[in-house]
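Alright, two takes on the same chain below, each alone as structure tokens: structure 1 and structure 2.
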Structure 1
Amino acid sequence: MYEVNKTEPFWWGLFSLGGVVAALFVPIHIIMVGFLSAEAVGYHQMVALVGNPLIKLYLFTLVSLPLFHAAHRLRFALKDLGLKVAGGLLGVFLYGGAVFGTMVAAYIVATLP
């Protein structure tokens, strides 16, 4: 009657990796983008940085994984709020959004100067 669910570990795995990345790195990036002076993260500084493939990889991970984290959390939060389509359609929409965001992030980061 009960059956092992083979897809949830995948989403949950991405969810928790995204949770770690968000917890470690997002607050400091909000400070840098939102509150520091514009020169501190200025154009030349950033362009010099993103030339480094390791920084590219870091930025890609920083954006992509928390998107999956958010998709997963919102899927279940909306379910707990009583939204019944959550199981099917909402999952497709949210995870689909995270996949799309990841592809866009990959493109943007890969084509950085």
Structure 2
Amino acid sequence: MYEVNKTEPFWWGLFSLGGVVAALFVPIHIIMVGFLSAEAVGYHQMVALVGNPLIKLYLFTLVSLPLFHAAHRLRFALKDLGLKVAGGLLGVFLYGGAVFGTMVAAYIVATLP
């Protein structure tokens, strides 16, 4: 029988949020940036745009939530393939990587001009 730990709903919530961001916002972001002219994505325009706190929050969300989605998906894919470590050490490694990536994204977004 599969034993559920107490943090499992938290990771499933981040998995679903990351899936929504990865499936909806990332493609829309790529398409919208593709339609912008070269003048619209110039350095000064981007500095002015990224200076907005809502844009910083958007960029942070665009990067961090798909990391948790990928970590959860990889954990259960490897567990389904028969990797016995998936419950413990692999989960710590994958979720730790997602937390580290989130901290790096937060630092980068916080230090943007």
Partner chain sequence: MKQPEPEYTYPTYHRPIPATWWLRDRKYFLFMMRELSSFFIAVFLLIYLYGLSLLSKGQAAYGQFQETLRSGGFTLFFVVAFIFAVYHSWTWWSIMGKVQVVRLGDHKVPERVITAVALAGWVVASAVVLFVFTR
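Counting starts at 1 and follows the sequence of structure 1. Not measured: the values here are computed from a predicted model. Heads up, when I say rigid core I mean the largest set of C-alphas that superpose within 1.5 Å between the two forms.
Two copies of the same chain, shown separately. Which of them is the form predicted alone?
The form predicted alone is the one given as structure 2; the other form is structure 1.
My question is whether Gly42 is one of the residues whose C-alpha shifts by 2 Å or more between structure 1 and structure 2, given a fit on the rigid core.
Yes, Gly42 moves 2 Å or more.
After core superposition, I'd like to know whether Leu57 moves between structure 1 and structure 2 (criterion: C-alpha shift of 2 angstroms or more).
Comparing the forms between structure 1 and structure 2, which are aligned on their rigid core, Leu57 does not shift its C-alpha by 2 Å or more.
Once the core is aligned, please say if the CA of Ile28 is shifted by at least 2 angstroms between structure 1 and structure 2.
True for Ile28: a C-alpha shift of 2 Å or more.
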